[in-house]
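Next up: just one chain, as structure tokens, the form predicted alone.
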Amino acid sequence: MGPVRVPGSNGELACRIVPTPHISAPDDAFAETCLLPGDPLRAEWIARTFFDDAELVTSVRNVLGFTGTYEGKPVSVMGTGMGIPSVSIYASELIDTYGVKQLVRVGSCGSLQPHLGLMDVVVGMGACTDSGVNRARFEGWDFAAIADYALLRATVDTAQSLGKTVHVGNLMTSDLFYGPTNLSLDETMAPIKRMGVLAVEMETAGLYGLAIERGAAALAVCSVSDDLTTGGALSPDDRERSLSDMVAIVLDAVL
């Protein structure tokens, strides 16, 4: 159910909050561009670190959303939780009720290819998945879940202008963080690595499918926090620093 406008005391239309099941905010609370980290506390960190005049606009279930400005332009950020079901809920409500037009996932991933190192930035040109959500959208057929090209190109061009290296290619969106217990990690990932997939995460294929379905633009930009070929992982401090580089690239690109 969308927001309802009612006559205000000055004769103009005023708006009141008619919340979705998972967001409670006025209908103009979100900017047309919204960053989507999985962790709500990362959303708060992004807002406090990069936004001017950051304002908390929703906190239902402690999933935090903020709106502010970046270099004078309006922008929002909202946590999505982990996995396709969770990101799909928030992205759908942001698009359908709050008019968000550009959604950029800024998250972490596990690298699958030897040329990727910790803290490298991966831009998801497309997303493979073991989930059935896009087949459900596409009436049983395989759907190519791809990024919005304008967002993709702007992000790559901006990274190059800043002297930053980004890797562009396929992501693997997995429904399972802990895989089948009868298979080793190497056995599970072998066919995915063989097909040249760069990294694995848990949201992008769902985000791309629903954004295309709803006429919005979406992109996933992920920082390598875990090296699944060597077992290496970032410390908490390094995770924050890699996220900072990635968010700076994204904000300069999309705004």
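It should be emphasised that the depicted structure is a prediction, and the values quoted were computed from it without experimental measurement. Quick note: we count residues from 1 along the sequence shown, nothing fancier.
Unshown form predicted together with a small molecule; subsequent notes refer to it.
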Exercise. Could you work out which of T33, T58, T67, S225 is the residue within 4.5 angstroms of the small molecule in the predicted complex, going by heavy atoms?
Key: S225
Practice problem: Using heavy atoms only and a 4.5 Å cut-off, determine which of A29, A43, L210, V200 is in contact with the small molecule in the predicted complex. | Solution: V200
Quiz item: Do S108 and the small molecule share at least one heavy atom pair within 4.5 Å in the predicted complex?
Solution: yes
Quiz item: Should F138 be counted as a contact of the small molecule in the predicted complex, where contact means heavy atoms within 4.5 Å?
Solution: no
Quiz item: Is there a heavy atom of F177 no more than 4.5 Å from a heavy atom of the small molecule in the predicted complex?
Solution: yes
Quiz prompt | Partner-proximal stretch of 58-66, 43-51, 200-208, 213-221 relative to the small molecule in the predicted complex, 4.5 angstroms, heavy atom | solution = 200-208
